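The chain that follows stands alone, in the form predicted alone, written as structure tokens.
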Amino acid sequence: MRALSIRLGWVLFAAVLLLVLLGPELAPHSPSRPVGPPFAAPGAVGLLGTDHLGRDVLSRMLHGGRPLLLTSALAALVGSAVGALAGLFASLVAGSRRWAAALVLRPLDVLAAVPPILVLLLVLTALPDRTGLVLAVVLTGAPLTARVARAAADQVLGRGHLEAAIARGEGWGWLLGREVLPLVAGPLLADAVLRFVSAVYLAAAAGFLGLSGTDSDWGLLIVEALPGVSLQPWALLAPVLGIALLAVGTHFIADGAGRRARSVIA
């Protein structure tokens, strides 16, 4: 059953990924040009109908998915890398020096206490573009990844092969790359997948607030569809289902990575 859910997750994720990456080339209409009356039902004017300005909802979905996905993936990658480095440093290098670990982790703990949506608003006020969105996601995700990385690395410390490597005088780079990372890669991968889902949510929230910087963001499509949801519900359901399918597929993948990680560390 679990293997089936993981395969289902990969299928969902691959389908959404393929659709998003090829979306602009597959879109039947321009995302900004009206093709029919406002809030027209699915039919002759489009497979998903039109929005409040008469634009094709399907074309806007296909054009808006790529920036959402790429921005979320880049932000999750950078945030996971920064958090993993901080957590591994706190566990391996600063483990015997509490002040050094506190110097790295305490600022991240303070950052983790700030609500993500508040971080998003503050950063996008100063940097109202994609760079600001990536920075906001990094600031909200890196503290949590640092804690996960430190917890995973703490379980590796004290093992015989690591003590033997330290006794041989191996450097920190060798210890990290050959002895530690292979054992903590699973938890870090599972965490990175979850950070990607969080990044998708924050990127969609920025679009919902009108701060995404693109006119076809899935979050923006949601807020623009709300006034006419009783007339044209597909304009609202399409972006909501797109985000949900992306998140569900990614969660299945994270579940599989997490179980593999537990078996490796055990």
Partner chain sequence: MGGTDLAGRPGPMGGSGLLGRTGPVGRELGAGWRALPRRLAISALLLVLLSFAVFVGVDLLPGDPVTARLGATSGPERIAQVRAHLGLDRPVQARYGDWLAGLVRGDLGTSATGRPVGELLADRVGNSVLLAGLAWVLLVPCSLLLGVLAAWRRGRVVDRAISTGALLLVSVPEFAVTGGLVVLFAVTLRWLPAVSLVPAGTNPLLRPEMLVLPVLGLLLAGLAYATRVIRGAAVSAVDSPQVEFLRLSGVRGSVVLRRAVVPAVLPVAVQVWLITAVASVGGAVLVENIVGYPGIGQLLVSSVQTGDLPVVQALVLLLGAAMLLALVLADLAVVLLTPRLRTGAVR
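Everything numeric in this text was worked out from a predicted model, so none of it was measured. Positions refer to the first chain, counted from 1.
What follows is about the form predicted in complex with its partner chain, which we do not show.
Shown without its partner, this chain lists Leu221, Leu58, Leu69, Leu202 as candidates; in the predicted complex, only Leu202 has a non-hydrogen atom within 4.5 angstroms of its partner chain. None of Leu181, Leu162, Val104, Leu135 but one reaches within 4.5 angstroms of its partner chain in the predicted complex through a heavy atom, and that residue is Leu135. The stretch in contact with its partner chain in the predicted complex, judged by heavy atoms within 4.5 Å, is 228-236, chosen from 45-53, 228-236, 58-66, 25-33. Ala76 falls outside the set of residues with a heavy atom inside 4.5 Å of its partner chain in the predicted complex. Not displayed here, its partner chain is kept clear of Ala167 by more than 4.5 Å at the level of heavy atoms in the predicted complex. Although the partner is absent here, Ala151 is not a contact residue: none of its heavy atoms lies within 4.5 angstroms of its partner chain in the predicted complex. Taking non-hydrogen atoms only, Arg130 never approaches its partner chain to within 4.5 angstroms in the predicted complex. Against its partner chain in the predicted complex, the set Ala126, Leu194 and Phe252 is in full contact: each member has a heavy atom within 4.5 Å. Taking its partner chain as positioned in the predicted complex, the residues of 137-175 that bring a heavy atom within 4.5 Å of it are, in sequence order, Thr140, Leu144, Arg147.
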